[in-house]
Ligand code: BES
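Quick heads-up: it's one chain on its own, the form predicted alone, in structure tokens.
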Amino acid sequence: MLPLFVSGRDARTIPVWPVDTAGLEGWLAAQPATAAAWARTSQFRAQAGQVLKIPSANGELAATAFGLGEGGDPLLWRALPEALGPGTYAIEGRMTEDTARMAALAWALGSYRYERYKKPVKADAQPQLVLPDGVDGDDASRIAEGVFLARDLINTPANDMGPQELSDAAAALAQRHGAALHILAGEALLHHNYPMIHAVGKASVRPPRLLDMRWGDVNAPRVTLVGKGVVFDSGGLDLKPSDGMRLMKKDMGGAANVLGLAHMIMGAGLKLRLRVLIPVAENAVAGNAFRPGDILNSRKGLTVEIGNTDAEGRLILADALTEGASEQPEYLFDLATLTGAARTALGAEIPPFFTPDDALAAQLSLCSQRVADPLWRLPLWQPYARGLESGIADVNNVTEGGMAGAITAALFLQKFVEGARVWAHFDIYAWNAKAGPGQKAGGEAMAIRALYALLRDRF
């Protein structure tokens, strides 16, 4: 388990009372007169995320009350670790098993700090939570570690998170879990027929590559994850403006999230055969960069006209998806920071997903709600695929006009997943645009807690 949890309480354990607005007066009535007076004087109204520190007679922290508001946010508990000082805390009162599980997980998620470039806080300064009864601390820690891995990789700037460094992160994860990792880099991509990964990354001094990780019983059901690993996206010759380039270190957020999910799966020992494919490239500008109007060959054999070099993520994903689908996995999932249109449609906090499988969509929606990892299905509206037609190639990588951009990007990818029994595409932002209680601005894990819940239920 992460050092954020302890298994039992002692005399120094500080109680934390969860209080919602409806139950505030009842809670006050049950408290000692001095504590109730302190709460009223401090204007504690049990608002969502409000923290009341109740002192003892000698001025030390005796107890804490935590406002739940109307009680609608199961991850609200992530606000507590940052608000509390060092010590061991225990949640008081009755909770359902699901509520306790989400409270413990939220506590862990709210403890995240990215300190690679800053002086670190001492480890003993982190508050610890006594695990509520019935909560699997190992699983909560496993999920949090996967989320932290994704966040760390996304937060690292591109000068320190290039193709080699992303490969190193995958290698460290593979070694930890006994997985096999195979890497194709540079010209080897052409020799092994990954032409679009090579084309997107060839203009960079840091060669492109394909990471191919395998884990688990070879006879178990196959699950394949594909993550977009564009370590920095300048837009290529269709160059982005400076404000559009500012956050492009996060364009490998799909790869980071896939590695975080892989950690959860392998750490839990799920009974499946896992394959992780991460195409890695830097979309740079140079004399040998691919150009608007170029025709690229793909691993699938389809020719692709380049309508815009800033729609590069779908190109490298297409080659990796073709390979992933070739083994006919039971599930094929791809995660990518693919389109601004997805953010225009649903905002920064709700990633859309696309799948032709209604049963999978229903299962994902239920898992999403259960673990408070928001997702929303958008349609694979086939009539829009006409916009991807090319007069001189099998397909164009963009449509004219830019309307329904998230849908047409998904329709482009769908052309390369033939063979997979069930496929879903997740267009994630992988970023918190602003900080909130217990939630740092910066890299974020999206969709992977829901996917882990789905796979854990299945395997």
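Start at 1 and count along the sequence shown; that's the residue number. Since the model is a prediction, treat every value here as computed from it, not as a measurement.
The same protein also exists as the form predicted in complex with this ligand; that form is not shown, yet it is the one meant from here on.
*Would you mind picking out the stretch of 240-248, 174-182, 289-297, 148-156 that comes within 4.5 angstroms of this ligand in the predicted bound form, counting non-hydrogen atoms?*
The contacting stretch is 240-248.
*What is the one choice in Glu312, Asp319, Asp334, Glu282 with a heavy atom within 4.5 Å of this ligand in the predicted bound form?*
Flagged contact: Glu312.
*Counting non-hydrogen atoms within 4.5 angstroms of this ligand in the predicted bound form, say which of Val398, Leu411, Leu68, Ile54 makes the cut.*
Exactly one residue meets the criterion: Val398.
_I'd like to know whether Gly340 contacts this ligand in the predicted bound form, with contact meaning heavy atoms within 4.5 angstroms._
Contact check for Gly340: yes, within 4.5 Å of this ligand in the predicted bound form.
*asked:* Would you classify Phe44 as touching this ligand in the predicted bound form, given a 4.5 Å non-hydrogen atom cut-off?
replied: No.
_Even though the partner isn't displayed, in the predicted bound form is Trp27 close enough to this ligand, meaning a heavy atom within 4.5 Å?_
Trp27: no, not in contact with this ligand in the predicted bound form.
*Taking heavy atoms and a 4.5 Å cut-off, does Trp38 contact this ligand in the predicted bound form?*
No, Trp38 sits far enough from this ligand in the predicted bound form that none of its heavy atoms falls within 4.5 Å.
*Can you name the residues of 213-231 that have a heavy atom within 4.5 Å of this ligand in the predicted bound form?*
Only a single residue, Lys228, comes within 4.5 Å of the partner.
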